[in-house]
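Following this are structure 1 and structure 2, which are two forms of one protein chain, each written alone as structure tokens.
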Structure 1
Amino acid sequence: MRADARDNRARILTAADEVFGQSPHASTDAVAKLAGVGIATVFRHFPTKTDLLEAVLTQRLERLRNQALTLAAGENAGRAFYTFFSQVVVESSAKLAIGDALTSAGIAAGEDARKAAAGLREAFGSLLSEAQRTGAVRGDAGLPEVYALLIGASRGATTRNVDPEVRNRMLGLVYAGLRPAA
């Protein structure tokens, strides 16, 4: 692979991350413009628009997964769990919108994105288990519902750009439900 080709690929991915982060319905032209390349170059690296969306989504999911794994391995998993939860809620607006665009546009998310999503879920599961072992999270909460709650809280905070203070109070309510009853 030629050096300029690799450069352009990276520039396109970065531009796509930003453009689709703001509006997942943006045109491929917009991505090309921001990346400073021609449209054809975008399509040469990512044969369809879905491929491009998927690449962006996969990249984001993997980043989150690595963060979760690092936090789970560290000490004080309980605090780490809540930190990670808050962080995802704050940051994940774009990621979810892109996921929507994928599932609504394409038939289903592609192989790579699916694998990355499963990886994130598993890593989050590790973090949850650790947090439960230290008593920071109630033991009878299963991964499926906690994960659904994570996604939901993210979306709730996302839709309209909610006042940060309201978002924090909302997270407070969520955390009250996650902490052990006693």
Structure 2
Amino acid sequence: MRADARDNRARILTAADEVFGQSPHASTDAVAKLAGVGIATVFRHFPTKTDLLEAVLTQRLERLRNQALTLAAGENAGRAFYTFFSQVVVESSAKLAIGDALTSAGIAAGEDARKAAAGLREAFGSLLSEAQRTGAVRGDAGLPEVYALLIGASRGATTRNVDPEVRNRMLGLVYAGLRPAA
């Protein structure tokens, strides 16, 4: 891919992330306008809106995966785990909206999005393991249960625009359950 085409693709994805993060039903014209490219350029890179939505979702999942891996390698595994958990919940609205838009259109996530989701789960597992190793998270909390809590908290925080104060109290309750008994 030529350098200008790579730049256009990156600008389109950045714009689409912003536009679809606000409303997954927004138009590709809005994406093109924000990216500063013509609509034909958008469709040259992403033949359908679904392709673009999936690319944005994949990019978000990969970014979260990379962040989790970086945090897992850090010095304070407990703080990293709870910070990451909170961040995912706080930022979940846009990601879930894009995923829901694909689902409501009757489209299953493609191979790239599935790989990115699996990579995120694996990276979250590493973050969890490190937090457990340092005693910040109880040892009997398995990845399937903790990942389900992350998904449930994310969905719960987006339901009817939960007030940030309520969301933070909810997270406090979740974290109290994840911490080892005193």
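Keep in mind it's a predicted model, so treat the numbers as computed, not measured. Counting starts at 1 and follows the sequence of structure 1. Rigid core here is just the name for the largest C-alpha set that superposes within 1.5 Å across the two forms.
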{"property": "Structure, 1 versus 2, that is the form predicted on its own", "result": "2"}
{"property": "Rigid core fit then G36 CA moved by 2 Å or more between structures 1 and 2", "result": "yes"}
{"property": "C-alpha of M170 off by 2 Å or more between structures 1 and 2 on rigid core", "result": "no"}
